[in-house]
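Heads up, the chain below is alone and in the form predicted alone; it's given as C-alpha cells.
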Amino acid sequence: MMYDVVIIGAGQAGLAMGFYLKKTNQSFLLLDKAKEIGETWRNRYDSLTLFTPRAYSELPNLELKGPRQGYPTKDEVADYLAQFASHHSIPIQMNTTVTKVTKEEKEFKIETTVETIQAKNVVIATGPFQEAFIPSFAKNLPNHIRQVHSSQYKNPTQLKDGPVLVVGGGNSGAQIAVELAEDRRVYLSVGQKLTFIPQDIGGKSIFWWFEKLGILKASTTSKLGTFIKSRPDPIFGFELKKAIQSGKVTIKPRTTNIKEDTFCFEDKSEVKVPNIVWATGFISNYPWLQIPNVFHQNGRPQHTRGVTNIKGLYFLGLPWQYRRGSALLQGIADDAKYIVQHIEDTKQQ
C-alpha cells in the first residue's frame, strides 16, 4: 500500500507526529519493532523518575494524571503513551522491524519483517537512544567482572556483592550511583566537573523557571542556545551531591583503561571493583537507511529543524532538534507540528 507518510518509531516523537497528521487528510502509519507502546520506557531501570514534572512531560491534548509539579515514574510515562495512542486513535503497526529504506524517484520503499510499504514521505522518529555506547577497552574486562550498560540496568540485584564503578556523569549515571550507594561503595567516573541545579525553586519546577527565562525556547542557532549546548548537561537535584559529601559516592576522573581487573583513571589512580555500570550514553545507528547524503561524517543526520536535503525525508525526536525544549516530551510536539506543516506545504507545491 502507498501512504502519504510512514513514521518509523511509535515512541513520544512518533505519537506527536501522528497527533498532528490526524488533523490533515494525509494517509499515514506508524511502525515500531516493540510489542507494545511505551515498551522502551518500561524497560528502563526500576527506580527511574523523570526530572521534568508532569506539566512538562505531556503530549498535546491529553493530561498526564497526577500533581502537575510532581515527577512521573517511567511506568507512568509508558502507560500515558499507550493511553495517548488509544485516545487519539493513531494508526500503529507494532512488532514490525524496519530492515531497509530506499528512495526510488519520488517514493520511498520501506522493507520490514512483516511487509514492504511505500510512502511519499518518511519520518524517522526512533529517537537518540539507538545503540548503547560502551568504550572499546571494555572488551579487556575479565569474565568475573559483572558489567551492564545503563539501558540494561534494572536494579542492584543484577550486580555482585561489593563495590561498583559507574562510568558516566549524566542524570542516569547520577540516579543509578545514588541508588547503588544505599548499601555499597560506589565510584563515579566522570569526564567533566559536575554541575548541580535544584529541581525546584520557590515551589516551582526548575523547568517552570527555564520557560519564564526563555531557556526552553532557545534555538540551536541562538547565542543562548549555542552557549547551553557547549556546556555539559547539569545534574538535576542534589541527591548525588549529598552522597558525595557523605562519602557514599567517590568521584573519579575519566576512565582511560582497564588492566585485568583494575580500572585506570586520568589522574593515574586505580580501583578494583567486581561491578561496572556503563552510563556512557548512546550512539546513532541507522544501518537500514540506505539513502546517500543523509548523514554527516560523525554519523549524525544532516537536517534543518528535522528537514533533510532529501525531499520527503524527515527526522524527529533528536536532542536539540531545534531548541533546548526539543528533548522534552512537551517540546517534541512543536517539532512534530512544524514537520507536518512542511509536509502539507510541500504537497501543495
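Computed from a prediction, not measured in an experiment: that's the story for all the values here. Throughout, we count residues from 1 along the sequence that is shown.
Below: the form predicted in complex with a small molecule, not depicted.
In summary, the region of this chain contacting the small molecule in the predicted complex, judged by heavy atoms within 4.5 Å and restricted to 305-313, 31-39, 62-70, 291-299, corresponds to 31-39. The contact residue chosen from 168, 225, 237, 127 relative to the small molecule in the predicted complex is 127, the criterion being a non-hydrogen atom within 4.5 angstroms. For residue 329, a non-hydrogen atom is located within 4.5 Å of the small molecule in the predicted complex, even though that partner is not displayed.
In the predicted complex, at least one heavy atom of residue 44 sits within 4.5 Å of a heavy atom of the small molecule. Contact annotation for residue 83: none of its heavy atoms lies within 4.5 Å of the small molecule in the predicted complex. Looking at residue 97, you'd find a heavy atom of it within 4.5 angstroms of the small molecule in the predicted complex.
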